[in-house]
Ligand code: OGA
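Okay, here we've got a single chain as structure tokens, the form predicted alone, with questions on binding and movement later.
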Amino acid sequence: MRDNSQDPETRSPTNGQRLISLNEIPENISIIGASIENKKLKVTFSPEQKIIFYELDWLEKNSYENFKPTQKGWLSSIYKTWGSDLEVIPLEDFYDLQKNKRTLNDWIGGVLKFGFGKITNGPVQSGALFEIVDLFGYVRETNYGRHFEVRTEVNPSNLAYTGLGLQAHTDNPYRDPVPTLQILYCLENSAEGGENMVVDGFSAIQKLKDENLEFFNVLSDYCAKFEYSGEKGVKLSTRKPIIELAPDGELIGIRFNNRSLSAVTDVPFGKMQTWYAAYRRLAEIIDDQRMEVTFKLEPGESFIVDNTRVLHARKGYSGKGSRWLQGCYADKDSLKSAFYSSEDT
């Protein structure tokens, strides 16, 4: 309790950061008095003889008694999983998001809850996707630049730049840290086909776990290796499990990208057959049409995905007509910051 004191000598009133180190608190500290005054808990600490007041709602929110051990793979209550039967998605008009903070906050809350959202009626001009990121945060620049073009190329450096269909995947699994948000913005889309699809990776993982706990465990216990070296001077590689858990077992991420999976060498030989069976089964679940939400973007429309949770895909499209999207990356911490700081006000 003393380490979490909110008084101005312990924490900065302007930013809430600690002003003292743990070593400055007496090791033999004890409570010699406690009472309720003005709907606050008054605590006297010895040997400092320091009096600290605690808000009762803060104590309730941060009570250690709220901790409950959970099963491996538990999911935070802030998320709602979904499949093709999802009836309502976070969708708003671009200009309404710019003008109305409440509308923006509700939309961001939906993106955090479902892992993706859509925006309509945006300007049809190159670089407009940056205005989406400006609503909540900052562009994450990579070797692809501040943004990348998604349209057919003669000699593509990435399969995304062809007319081929793409299996549902998360982007850039070979990066550490991985970009946690991706925005795709439509400028032209007269080609036949090319519908976008999104799949809730957390829902797919839950289904796998319910079916076969051994499959869930092997994909979360051992690392896969992802690599990219599609351009001169760039060689990206990382080792991460396909199913990522926090130390307390919380499900926090999925990395799934068949195009970028390298040789898997971190799985014990005796577990390799099980690992591949689990990987195959997870892919089957992800490819199941009952898991996907499909839509076709029109010029001026865009969507955002939580790249640690929601996989995105594209159906193949023909050479007739044109299809031009621009994409960029951002990070989820700024999205959360915009949401929770707005809630405080």
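Residue positions are given as counts along the sequence shown, with the first one as 1. These figures come from a predicted structure and were not determined experimentally.
The same protein also has a form predicted in complex with the named molecule, omitted here; what follows describes it.
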Scan 132, 251, 97, 150 and let me know which has any heavy atom within 4.5 Å of the named molecule in the model of the complex. 150
I need to confirm a contact call. Of 267, 198, 184, 108, which residue comes within 4.5 Å of the named molecule in the model of the complex, counting heavy atoms only? 184
Heavy atoms within 4.5 Å of the named molecule in the model of the complex: which of the stretches 278-286, 48-56, 307-315, 28-36 has them? 307-315
Answer yes if any heavy atom of residue 330 is within 4.5 Å of a heavy atom of the named molecule in the model of the complex; otherwise answer no. no
Could you tell me if residue 213 has a non-hydrogen atom within 4.5 Å of the named molecule in the model of the complex? no
Residue contact check: residue 166 to the named molecule in the model of the complex, 4.5 Å heavy atom: yes
Residue 171 within 4.5 Å of the named molecule in the model of the complex, heavy atoms: yes
